[in-house]
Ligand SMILES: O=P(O)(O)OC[C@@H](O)[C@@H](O)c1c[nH]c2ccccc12
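Consider the single chain below, provided in structure tokens and representing the form predicted on its own.
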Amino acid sequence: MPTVLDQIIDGVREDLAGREARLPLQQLQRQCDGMPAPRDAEALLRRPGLSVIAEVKRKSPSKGDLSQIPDPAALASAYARGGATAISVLTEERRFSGSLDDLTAVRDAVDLPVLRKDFMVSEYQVWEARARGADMILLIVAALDDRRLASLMDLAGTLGMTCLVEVHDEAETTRAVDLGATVIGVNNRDLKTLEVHIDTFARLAPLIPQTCVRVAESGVQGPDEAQLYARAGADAILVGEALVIGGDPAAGVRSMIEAGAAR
């Protein structure tokens, strides 16, 4: 029986085929010519303290509608004022109501590294991300075999982009480390069931070399969880839901950074 992840990827592939038909790869690649070099997100995430990757997120398969976010640029600017290290932009349309236009709007609004967060299965999507000014891409180990994961990592590296390589269990963590990932995100949400287990990061973090940037994803409801993840060894947290529904995104980011400093 197909998992939630399988169903999402099926939709992603269908939408991707439509975009490829409208804009062939060679034309997309030409759009990247002469673009400014990507920002070095990894270097910024390695700075002392707990970094926050703040997310532009309208909805999710598990919670449904979260926030309308009529102006992604304004939200990203608020995150920047709060001290976010990077901005994550969900671009998947069917389950998250995101778009590549959101990515463009955020890129134009802030000078921070911008992450394209999507279900990346094709080199075309990497070129799309770069053409829209993304500095980082998300690669989900559960969605990719080793050959495709390595290929997407290599392409992103050639384009100067940082890969946030996402894992959910011990086997995926080992795969990511063995393939040379240097920024590894532990998603505490099981993408097959959508359940969150907040102890997943603490269980998997020891498997990730200290030379890597360790990112905790999902389950951050506020400063308490930020501090919990920081104490478990997180260099950064990726936060969406809590910030978009919290009422004051700048203050929300700031409070999490402060809590992380108190590890």
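Each residue number is its position in the shown sequence, starting from 1. Just so we're clear, the structure is a prediction, and the values are computed from it rather than from any experiment.
A second form of this protein, the form predicted together with the named molecule, is not displayed here; the remarks below concern that form.
### Task
Please determine, with the chain shown alone, which of 212-220, 39-47, 26-34, 198-206 has non-hydrogen atoms within 4.5 Å of the named molecule in the predicted complex.
Among the candidates, contact is made by 212-220.
#### Entry: Distance check, residue 109 to the named molecule in the predicted complex, heavy atom within 4.5 Å
Contact check for residue 109: no, nothing within 4.5 Å of the named molecule in the predicted complex.
### Task
State yes or no: in the predicted complex, is some non-hydrogen atom of residue 238 no more than 4.5 angstroms from a non-hydrogen atom of the named molecule?
Residue-level check for residue 238: yes, a contact with the named molecule.
#### Entry: Exercise: residue 155 in contact with the named molecule in the predicted complex, heavy atom 4.5 Å
Residue 155: no, not in contact with the named molecule in the predicted complex.
### Query
Is residue 117 close to the named molecule in the predicted complex, meaning a heavy atom pair under 4.5 Å apart or at it?
Result yes; residue 117 sits at the interface with the named molecule in the predicted complex.
### Query
Which of 80, 179, 191, 121 has a heavy atom within 4.5 Å of the named molecule in the predicted complex?
Of the candidates 80, 179, 191, 121, 191 is the one lying within 4.5 Å of the named molecule in the predicted complex.
#### Entry: The single option of 184, 140, 103, 137 touching the named molecule in the predicted complex, heavy atom within 4.5 Å
Flagged contact: 140.
### Query
Considering only 32-70, what residues come within 4.5 Å of the named molecule in the predicted complex, judged by heavy atoms?
Result: 55, 57.
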